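Read on for two forms of one protein chain; each stands alone as structure tokens, with the labels structure 1 and structure 2.
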Structure 1
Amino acid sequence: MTRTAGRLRERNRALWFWVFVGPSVLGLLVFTYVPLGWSVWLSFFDAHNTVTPDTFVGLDNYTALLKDDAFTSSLWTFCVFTLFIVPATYAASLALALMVNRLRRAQAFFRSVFFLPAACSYVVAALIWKMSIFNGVRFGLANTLLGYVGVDQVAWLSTTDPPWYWLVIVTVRLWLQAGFYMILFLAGLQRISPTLYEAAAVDGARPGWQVFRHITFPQLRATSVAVVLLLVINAFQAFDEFYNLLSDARGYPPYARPPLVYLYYTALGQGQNLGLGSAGAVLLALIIAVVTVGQARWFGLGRKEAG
């Protein structure tokens, strides 16, 4: 009886495990792994206007993509975007975390306020930035404020010299994601032992920059590495803000076109070259993987620190 009851309990545990986990595994398989595998398969075929091609072209899609100036230009756009958004978000989120962590009262309130933009849709935020703040006409908030100080109106999203559109793109992404990374830094700050600060005070360390430089910042190393990795990966996947800010009834301008926007027009545009678009998606995934692994090795992620 005991063995039978034990087997029944084990079966029930296995059954309930798959009841709860099964739908997630099925969804992951159907909506993630199967499309990924199908995309890799399509990248080796001439797939114009079809997802079931029969003309095998080997690596022709990849070579054509690497020779396409528009694709290489989209990679440079990503590099510029990363150069702006990663340091800006890192500094802003760390500053917010330090500020909130020092609060004695209403810490939960301010933590929620700063995190709230992370729950906002990228599309909605982009439209607010485009139509209300950086409208490009005298009714836009930015141009209204500039008018008060006697500065002429600026066509923020269509001016390429200087490229003011970067200000719009970077600020909307910064507003959307700074609160999320602030939470990560807050978690890192709260793991720092208070005894380290007490020992520093006994040794005569001055509160402020000296304590931050020699205690707080080094203790946030693991959190900083994770934040930088996530920021770079998310920069590679930028699409919503670029597309909704810069596109209009005439289409998308030739500048500031990141890889996902390029692939969108390649695979779903007039030509609907799904083979070329799939090859671009595979190359983009490989680039993300290489950059992520390279960063992890550079920062020593997962390596045991010397005792």
Structure 2
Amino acid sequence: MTRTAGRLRERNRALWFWVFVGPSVLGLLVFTYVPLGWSVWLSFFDAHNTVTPDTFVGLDNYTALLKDDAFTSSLWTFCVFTLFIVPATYAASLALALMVNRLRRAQAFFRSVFFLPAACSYVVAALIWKMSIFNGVRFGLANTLLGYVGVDQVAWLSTTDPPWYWLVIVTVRLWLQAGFYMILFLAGLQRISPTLYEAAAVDGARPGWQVFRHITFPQLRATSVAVVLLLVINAFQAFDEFYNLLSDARGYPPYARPPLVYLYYTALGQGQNLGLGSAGAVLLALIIAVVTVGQARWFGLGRKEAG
């Protein structure tokens, strides 16, 4: 009697569990797992302009991709971009957090100002950067300022030699993101126990560099790992600023195409080569998985923190 009642209650709970969780699980299945599977399937076909192809080509799409300079150079572009943006954002947001954290007054004000760009879209930010600051003609702000010190006009976005466009691309993202990561660091800083600093003062550590090196920085380890991981993953997603800064009525220049821009033009540009695009998506997924797992291992993510 009680056993049936118990089983009934259990079944009742299972039912309610699925009422609550089911819709989300179903949605994620349909819009993440199914597309991924479909993508793997499509990547073995010659699929131009169609999602139901009939020409099986095996690994041809993959070999074509790996032989395609545009694809390999997109990976190279990603590496260069990551090499610039990750350290720059990490250092800038940590520095902002340290400065803001020590303020006694107006902390909320400065926090808001630095976080405010997060409310701006990449499209709008790229517009300001491209049309108003770095537009390569005299009426741009950057060239005006350089003009005051006697430097000739710089064609920021339309030259590869020297590749000034990297400065434009990196500063947009830095402006948009630094405030967000600053918040993460601020949260990390607030979790450091004041007794550690007191102990350091008793031991004669000079406030400033010594305290930062021996106390603050090691204590921020967990936050740092999370920030770097997020920065790299986000760098892989870079699309908006590249697309909006570099493409114009004449199209997209052959240089500075990160993987997502490459995929966009391959899969959805003229020809709509969905087979090749899908193979690119699958390769990218593998690369991201390897990088993420490698990085997690390297930093010992998931291991219990000591202390």
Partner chain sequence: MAGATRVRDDALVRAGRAVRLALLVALALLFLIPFYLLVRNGLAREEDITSPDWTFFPSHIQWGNLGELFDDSSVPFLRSLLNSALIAVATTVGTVLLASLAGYGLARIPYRHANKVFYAILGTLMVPAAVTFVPTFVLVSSLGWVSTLRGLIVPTLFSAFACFVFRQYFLGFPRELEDAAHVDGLGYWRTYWRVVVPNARPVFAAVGTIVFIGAWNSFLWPLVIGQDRNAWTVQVALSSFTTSQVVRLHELFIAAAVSIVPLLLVFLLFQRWIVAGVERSGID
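Every residue number counts along structure 1's sequence, beginning with 1. Between two forms, the rigid core is the largest collection of C-alphas that superpose within 1.5 Å. Note that the structure is predicted; figures quoted are calculated from it, not measured.
The form predicted on its own is represented by structure 1; structure 2 is the other form. Once both forms are fitted on their rigid core, the CA atom of Y255 lies less than 2 Å apart between structures 1 and 2. Positional change of A70 between structures 1 and 2 stays under 2 Å at the C-alpha, relative to the superposed core. A movement of the C-alpha atom of G22 reaching 2 angstroms or beyond is seen between structures 1 and 2 when the two forms are aligned on their rigid core. The two forms, fitted on their core, place the C-alpha of F31 3.8 Å apart, compared between structures 1 and 2.
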